[in-house]
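Next up: a single chain in structure tokens, the form predicted on its own.
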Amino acid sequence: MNTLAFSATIAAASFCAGFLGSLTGLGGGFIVTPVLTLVFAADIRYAIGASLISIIATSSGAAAAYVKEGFTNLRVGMLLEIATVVGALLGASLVAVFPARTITVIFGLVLLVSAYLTTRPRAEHLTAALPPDPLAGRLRLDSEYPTPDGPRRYRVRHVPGGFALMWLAGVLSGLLGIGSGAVKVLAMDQVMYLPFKVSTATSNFMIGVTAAASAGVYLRHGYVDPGLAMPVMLGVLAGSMVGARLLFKAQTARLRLLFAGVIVLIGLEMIYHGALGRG
């Protein structure tokens, strides 16, 4: 396979990853890193470096559309980024400590957990009628989002619990080169009671900042290869922009089940791959 065909193939796979990552709020890194490692035989550290660059592109492509439509809660996103950035710097600093096979197995386990989380039913939490959360009220986190019936108000709950989970999401992002969108969406949807579409949009807004914090560490260690990162970034950016346009019409429950099935297979393969010492 020549260089042009190799780059085109990577870009096509990255397009699919960006499309799914944008629709689910999980980030394209869940697909990009395993594909680069298992299919294209890239070293997992270089795959993670390219994945982090692609996550920044995903956030840039999808987040702008979500902000424009009014789904992203900017106050929640900027508050929780404090925790994720601190966690991402810690996770990225551990890259040189853990061997590649250990990171590969951890990645596979995270994928399996994420698959379970994506299949959990997430009913819309009707919190507008509840009394305001004192901390969320002081930080003015309550907001509204558009629906076919007009804007719908919601209240944010349990800010400290969501903040703690965001720190964990940051550690996973820095160590594994993923957007940790599953943890972010879980924290906002299940703990803080944000509507699912708001959680997805805000997650897409946040993952780029988290990835940028750890990408610098990978760059300093020499784990960002421009020849690999460029087609990944372009493919993911295009896919995320298409996914952002289709989010409001797509049946996300079916997409979530499909995505969960894919990452279960990849997660099992990554665990097997790392257990044999091929990472």
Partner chain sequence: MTTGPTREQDTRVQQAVGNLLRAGVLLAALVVLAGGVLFLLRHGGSVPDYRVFRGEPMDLRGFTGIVRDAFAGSGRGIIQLGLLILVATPVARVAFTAVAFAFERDRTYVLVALLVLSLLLKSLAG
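Heads up, when I say rigid core I mean the largest set of C-alphas that superpose within 1.5 Å between the two forms. Please read all numbers here as calculations on a predicted model, not as lab measurements. Numbering follows the first chain given and starts at 1.
Not on display, but discussed next: the form predicted in complex with the partner chain.
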| note | For the partner chain in the model of the complex, the stretch among 75 to 83, 164 to 172, 186 to 194, 108 to 116 with residues bearing a heavy atom within 4.5 Å is 75 to 83
| query | So in the model of the complex, does any heavy atom of residue 219 sit within 4.5 Å of the partner chain? | reply | yes
| message | Just checking whether residue 41 would be counted as a contact of the partner chain in the model of the complex - the rule being heavy atoms within 4.5 angstroms. | response | yes
| Is there a non-hydrogen atom of residue 65 within 4.5 angstroms of a non-hydrogen atom of the partner chain in the model of the complex? | yes
| Touches the partner chain in the model of the complex: residue 31 (any heavy atom, 4.5 Å) | no
| task | Within 4.5 Å of the partner chain in the model of the complex, which residues of 189 to 214 have a heavy atom? Give them in sequence order, or say none. | result | 204, 205, 208, 209, 212, 213
| request: Look at residue 194 and decide if its Cα position differs by 2 Å or more between the shown form and the other one after superposing on the rigid core. | output: no
| message | Could you check, with the core superposed, whether the Cα atom of residue 74 shifts 2 Å or more between the shown form and the other one? | response | no
| task | Return yes or no for residue 88: a CA shift of at least 2 Å between the shown form and the other one, with the rigid core superposed? | result | yes
